[in-house]
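Only one chain comes next, encoded as structure tokens, the form predicted alone.
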Amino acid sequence: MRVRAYSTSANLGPGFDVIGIAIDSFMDVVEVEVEAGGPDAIVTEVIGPYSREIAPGRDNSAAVAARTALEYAEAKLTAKIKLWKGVPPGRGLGSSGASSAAAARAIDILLGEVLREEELIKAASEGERAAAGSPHPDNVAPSLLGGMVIVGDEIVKIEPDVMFVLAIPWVPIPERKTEIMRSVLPDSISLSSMVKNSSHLASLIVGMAYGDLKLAGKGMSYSLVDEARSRLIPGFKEVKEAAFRAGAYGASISGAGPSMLFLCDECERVRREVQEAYKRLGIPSSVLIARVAEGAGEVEEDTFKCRRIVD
């Protein structure tokens, strides 16, 4: 059985640890077989465009998510997983979350879909914990469910009909990147800053829900978190300015970066201008048009069509 899960972009500006959206730029695929004994899970092989960055074994995020799903289901089985790695790691695209979401969904399908949605999200989040140090449902939830999700006591899903330009600078990624990007965030903020961020978050959610690109883009384009992190994102100011000159409605860092996401309707024009901005800066990049993706699900044989896109 094979299950795929798409890449994601978390935060979308003001929605730090609250908002995530599935985008169709990349996917991870797991091939899972189960046998008696357990509950346990192991990734036996990692293949695909980004396989060299990912180690197999019981500590792989896909294995942790699958094992947790088996535990929730009280299934005494061992899952053997082959992982096809199509989401580039370390770029702010929910790479470990995609592996985790695909593995959790595969286990549930094999068991006859016995797990509740919240159990699936918790299982996938444990896979994210293994990779990033803490569970981040703003990545795994949209990868599992598709669309845009709002994470809280309950998961709320929106299915916006929008497009983005996704810009990926191929710059060196430090070890423990997520930890570093969290370390630059302020410990306290002023009341006025909180109100400003909340206002933009409200505009983002309402704009996405009603298909108002200008309102959603306005909401997306300010964030306390992006403001703090922007100095660590290569080309942030110049690339963002180029995107807005070309007609982008909104811009944000994708997850913990260094990728950036731009909301648009004339996306080809935005894509060209962003690509040219990176060229002027001398930063290798890939700039793609992305659409909102569906949730994790079973796929047919020979679905592995993604490729490594490092320029």
Ligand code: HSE
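Given the structure is predicted, the values throughout are model-derived calculations rather than measurements. In this text, residue numbers run from 1 along the sequence as written.
Just so you know, the form predicted together with this ligand exists too; it's not on screen, but the next bit is about it.
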Point to revise | Region of this chain that lies against this ligand in the predicted complex, out of 177-185, 144-152, 205-213, 69-77 [heavy atom, 4.5 Å] | key: 177-185
Exercise for review: Determine whether any heavy atom of Gly250 comes within 4.5 Å of a heavy atom of this ligand in the predicted complex, and answer yes or no.
Suggested key: no
Check your understanding: Any chance Asp17 has a heavy atom within 4.5 Å of this ligand in the predicted complex?
Key -> yes
Point to revise | Partner contact for Gly255 in the predicted complex: this ligand, 4.5 angstroms, heavy atom | key: yes
Check your understanding: Quick one: does Ser99 come within 4.5 Å of this ligand in the predicted complex, counting heavy atoms only?
Key -> no
**Study point:** Triple contact flag Ala10, Asn139 and Arg229 to this ligand in the predicted complex, non-hydrogen atom at 4.5 angstroms
**Key:** yes
